[in-house]
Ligand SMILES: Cc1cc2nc3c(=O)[nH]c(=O)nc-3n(C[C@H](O)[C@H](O)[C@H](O)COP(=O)(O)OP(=O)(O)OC[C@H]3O[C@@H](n4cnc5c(N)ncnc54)[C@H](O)[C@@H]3O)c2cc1C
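Below sits a lone chain in structure tokens, taken as the form predicted on its own.
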């Protein structure tokens, strides 16, 4: 697939078929048009100038909301019997069209399933329904001294099922790695898409192929996750005049024994454009030669004693500090991960971004890209752990100069040793590790045998011998 193509799919179901399905689901008060159907068919893919024109006209023909397992079962059964594509949706905070229906059909809004079913008081293990909002979950965990391990920057609005199906990491990845790292997902409850749907309980091993699969190979109804001890994280903003010193501080802090939950580095022009929390001074001049680079830090209170000494060694200065629990307005986590992209690209529609895992020594890549792209590419780095080692995740901001220039940049990043999670593609594979995962395809065959779930997003299924099997009888 090139940057400017969508997979070939059968046509959407006929209006006659959709009307019949809507009649069967009449008590769900199905939505068949208007602004609400449009909203339920979209996410934040507009970050990508490649996806925007491709997905602009893609929408569901019908949408319903479920608030119980029985309602999910009835919708899954009806879609299977009518042969109608079924796309699952949480809060719609994804960035690259994960929940946009490519073949029409029905969108099922899962946010009504929002019950915390259990929390083990000893292990902290929880079982929660897929529609739970992450912030709501944390509020329920807080009185018991527990918290979620991982959360996206969209924590206040994202759903648990959507995060597992469409996310990869975020706040907490410095401590706990990525969602697909062993131990971050302990099990799933899954509904199959068949005339007689089955409700299955999967252990961690069986759940792995459904983790970050865009809801293409099973309906996630509940999730079993570990939690961690709650910490009142201290938010700190640190200023640096020198980029190399700021980079050294990012890597040094990430590799230290200090208890940290997130460390992000914004190059000076990016820092200057951010809407800093109340009481935090601005980042200065918007040009690369002016202003200061900013390090954003979430640190445990017991980690603060060593910071002044370390900062002095790296040439940094504390600009602002406040406990997250006392945060006024914008929390610091909403200047990290893809919220940085949101704040930058909103007033700059000619800019976009990439998602990279940088090589263990990122300096040659950073230098080469700076030489080649100059001020058309600005750096936003996040420190993460991958397989026990500190790595840097890059979310560089770049001025869009057309698909050929974007493809050339992606090729250069790969040549320099970066792993590219391409946010300008619609498939699980291109947005993830690049290759087809046979386990994901096998899970789809087991739990969605007619290939109705979110068609077009799992390249391994499209290229299999049965591709195109799922066609609506309408």
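Positions refer to the first chain, counted from 1. Not measured: the values here are computed from a predicted model.
The protein also exists as the form predicted in complex with this ligand; that form is not presented, and the subsequent description refers to it.
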property	result
Listed residue that, although this ligand is not shown, lies within 4.5 Å of it in the model of the complex (heavy atoms), from 297, 130, 381, 84	130
Residue (of 250, 88, 270, 193) lying close to this ligand in the model of the complex, criterion heavy atoms within 4.5 Å	88
Answer range among 403-411, 439-447, 41-49, 63-71 for contact with this ligand, defined in the model of the complex as heavy atoms within 4.5 Å	41-49
Touches this ligand in the model of the complex: residue 261 (any heavy atom, 4.5 Å)	no
Exercise: residue 246 in contact with this ligand in the model of the complex, heavy atom 4.5 Å	no
Contact test in the model of the complex: residue 342 vs this ligand, heavy atoms, 4.5 Å	yes
Contact of residue 92 with this ligand in the model of the complex (heavy atom, 4.5 Å)	yes
Contacts with this ligand in the model of the complex, stretch 216-230 (heavy atom within 4.5 Å)	218, 219, 220
